[in-house]
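One chain comes next, on its own, written out as structure tokens in the form predicted alone.
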Amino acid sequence: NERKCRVWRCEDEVGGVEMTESGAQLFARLEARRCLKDIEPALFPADGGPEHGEVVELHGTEGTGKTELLYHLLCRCVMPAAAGGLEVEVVFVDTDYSLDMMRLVSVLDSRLNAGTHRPAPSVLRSCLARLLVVHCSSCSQLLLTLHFLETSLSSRPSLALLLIDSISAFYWLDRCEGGASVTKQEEKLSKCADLLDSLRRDYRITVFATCHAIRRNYSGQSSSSSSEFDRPYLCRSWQRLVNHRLLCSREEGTSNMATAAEGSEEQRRRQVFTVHCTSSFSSKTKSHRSSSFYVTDGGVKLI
């Protein structure tokens, strides 16, 4: 198999020596990449979370907790194993320019301090050292970023997660540039999806990506009750990639209070969010799970 037996060649920047990697060495390195199946068991069906090379989409309208949930998962990945983390490296591609580093550090610090002893500042620094942030302002830049990402993936087996916030950021811009042709409108994102497909297959990396609802829900209904706002709308190349879809919504009024009725007084005062997960294990087999959470100063708390 030509793809599986690929030989990698790179030039040492210092000595100028060409090095080769055998197929056996490649397999050994890829086997070392961490599986993220247990990244957050409460969100996924009993069959488990994402395996090597799977794609997870977080979909929902504005204000449904997607970003906080993303920070929660990111912290879980970069935290040391001793603190309950997975201790893997993460690439965060910020297409919305909305990454709040102060908030992320605050959540991370809170979770590290959850134990009986306050960790040394070096622990927080080592966690942040496992995070690489990249900003993209167009679909073309996103495509170039994914091309260059291959170099990092081939040399860093500890890099296990790619986060994209959000994959739908350039939807309207691409539609305008594509004119009346649907093919032209979807061309750039389709190329990104094809490249992501190659990366997750060849390097077994797990991908999480947020996707905004195409329109804002003004009806007052929970977004989970209106298929108009929940329906996938990105190109088919992307839709075919998604293995797990997390649909985020905000519980309203009495529903919100009912969910937290058995919780503490603090929970009852907080806004409750719902995540409905649909996992596709084959073209005919799907599993579902619903869970709820609320957001505190220290991050997401699952109910």
Partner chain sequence: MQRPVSSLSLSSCVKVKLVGAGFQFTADLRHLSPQQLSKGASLTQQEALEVLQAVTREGGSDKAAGAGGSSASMTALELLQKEEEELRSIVTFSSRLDAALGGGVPIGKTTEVCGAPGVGKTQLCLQLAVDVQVPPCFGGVGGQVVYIDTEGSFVLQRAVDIAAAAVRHCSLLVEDDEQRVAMETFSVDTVLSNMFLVRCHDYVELLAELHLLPDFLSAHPRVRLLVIDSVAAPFRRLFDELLQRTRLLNGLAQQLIAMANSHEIAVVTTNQMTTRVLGAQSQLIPALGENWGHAPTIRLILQWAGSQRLAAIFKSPCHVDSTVQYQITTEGFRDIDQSDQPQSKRPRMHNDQSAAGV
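Everything numeric in this text was worked out from a predicted model, so none of it was measured. Numbering follows the first chain given and starts at 1.
Although it is not shown, the form predicted together with the partner chain is what the next lines describe.
Q: Would you check, heavy atoms only and a 4.5 Å threshold, whether G178 touches the partner chain in the model of the complex?
A: Looking in the model of the complex, residue contacts with the partner chain include G178, since a heavy atom lies within 4.5 Å.
Q: Considering non-hydrogen atoms and a 4.5 Å limit, does the partner chain approach S190 in the model of the complex?
A: No, S190 is distant from the partner.
Q: Answer with yes or no whether S137 is in contact with the partner chain in the model of the complex, where contact means some heavy atom within 4.5 Å.
A: Contact with the partner chain, yes.
Q: Please tell me whether any heavy atom belonging to R201 falls inside 4.5 Å of a heavy atom of the partner chain, as the geometry stands in the model of the complex.
A: No - in the model of the complex, heavy atoms of R201 and the partner chain never come within 4.5 Å of each other.
Q: Hey, which residues along 90 to 106 are within 4.5 angstroms of the partner chain in the model of the complex, non-hydrogen atoms only?
A: Sequence-ordered list is empty.
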